[in-house]
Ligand SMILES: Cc1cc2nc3c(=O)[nH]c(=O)nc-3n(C[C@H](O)[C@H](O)[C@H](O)COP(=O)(O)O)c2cc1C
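Okay, here we've got a single chain as structure tokens, the form predicted alone, with questions on binding and movement later.
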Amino acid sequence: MKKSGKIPVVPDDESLAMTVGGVRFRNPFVVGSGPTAKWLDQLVLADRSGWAGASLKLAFDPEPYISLPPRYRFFRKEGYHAFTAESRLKFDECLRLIESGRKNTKDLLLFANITYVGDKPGLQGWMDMARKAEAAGAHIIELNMCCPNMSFNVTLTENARTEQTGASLGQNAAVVSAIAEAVKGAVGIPVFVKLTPEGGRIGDVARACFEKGVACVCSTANRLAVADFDIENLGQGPYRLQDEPTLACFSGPWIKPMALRDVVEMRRKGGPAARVLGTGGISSWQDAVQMIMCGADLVGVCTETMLHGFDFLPKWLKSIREFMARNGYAAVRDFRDLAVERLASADRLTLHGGYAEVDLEKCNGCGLCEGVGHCRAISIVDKKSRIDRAECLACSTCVDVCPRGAISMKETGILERKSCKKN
């Protein structure tokens, strides 16, 4: 982690600022809960670099049931980051970090990212944690209903306790919204709820939370998955200083398409007045703009800060201001939801007829296009690719597999849209 160096002065630009839950954010960017929001010096650097907020590393109460030395891998070629083991914050450590963070940062909003895993009846444990975090100086309570490698939690029944938390709890709209409502009533600061994408119900759970009056819902996009492993040595996983292969928490650029979908679903279920924090796969300012266009008010960034620190943000902010000026946007809200409004269902797509055409000067007859398994239009004749227009499906796969850029698509006109029959 860079401990010094010149960081450009980040101007306070009202065009990037917004208010969520009565709290002013100087721009949309929040350091996502994770290893880069765990120490005081990280918070200081984030503040100096212009970040609007930081969601602190997840804190449990009582003490974490699983807290191990971290094991991370960034699979650069595939574009994904994974961790199998992670050290957590004890709740008293979280409270001390909030207190010291408030004393040593100027403009950084601190989120207390919390999960209760104890035996207090009903919702009392969650409420007690939130009150203590508020007393320590947290600006925002973020209820963690998503951490995918957690496996148990207290349910809201008087006579039974089932073991589930994080991603499993986060799929239960009734329980999540009940916890959120209780915590909202227990504190005087905004309550955010961080939801899991697992189970495919993130939109419904978000709507239930909005109906209880939460200030914002947050996505994470992370998924539990299995990384590549050595098929000749199953006893050795792909993680350094760790023997076994295991399920890991996956994040990074590859997950952005799913993260965008999560945000679209939350926005559609919540409507235009709802507030959404979108996280997942953000590694450039363009990614952040896409997230906002898909419905996010705030943008969380975690993996990119793990790989590159915090001081890239001033460049991102400058690029976004230039983008806004080019397109005539006076505020972030002016381009929020633009992609949501344009996303069409399959029965309303406008398709163009056409065919693939080969530039014989560029083609070297390598045969990769001929190998496309669903295509009967391509053959290699005299060491050149030939395409039968009558057989061409116009799918454009050959364009993507050609290593020389020798194939392009030619349009013949808009196809007639066929309406779907209703049952």
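Values in this document were obtained by computation on a predicted structure and should not be read as measured data. The first residue of the sequence shown is number 1, and the count goes up from there.
What comes next is about the form predicted in complex with the named molecule, which does not appear here.
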item: Option from 232 to 240, 99 to 107, 80 to 88, 169 to 177 whose residues, in the predicted complex, bring a heavy atom within 4.5 Å of the named molecule; value: 80 to 88
item: 11, 49 and 323 each touching the named molecule in the predicted complex (heavy atom, 4.5 Å); value: no
item: Partner contact for residue 312 in the predicted complex: the named molecule, 4.5 angstroms, heavy atom; value: no
item: 4.5 Å heavy atom contact, residue 285 to the named molecule in the predicted complex; value: no
item: In the predicted complex, residue 281 touching the named molecule (heavy atom, 4.5 Å); value: yes
item: Any non-hydrogen atom of residue 329 within 4.5 angstroms of the named molecule in the predicted complex; value: no
item: Option touching the named molecule, based on a heavy atom within 4.5 Å in the predicted complex, out of 205, 221, 276, 141; value: 221
item: Heavy atom within 4.5 Å of the named molecule in the predicted complex - residue from 214, 294, 255, 130; value: 255
item: Stretch 29 to 44 - residues with a heavy atom within 4.5 Å of the named molecule in the predicted complex; value: 32, 33, 34, 35
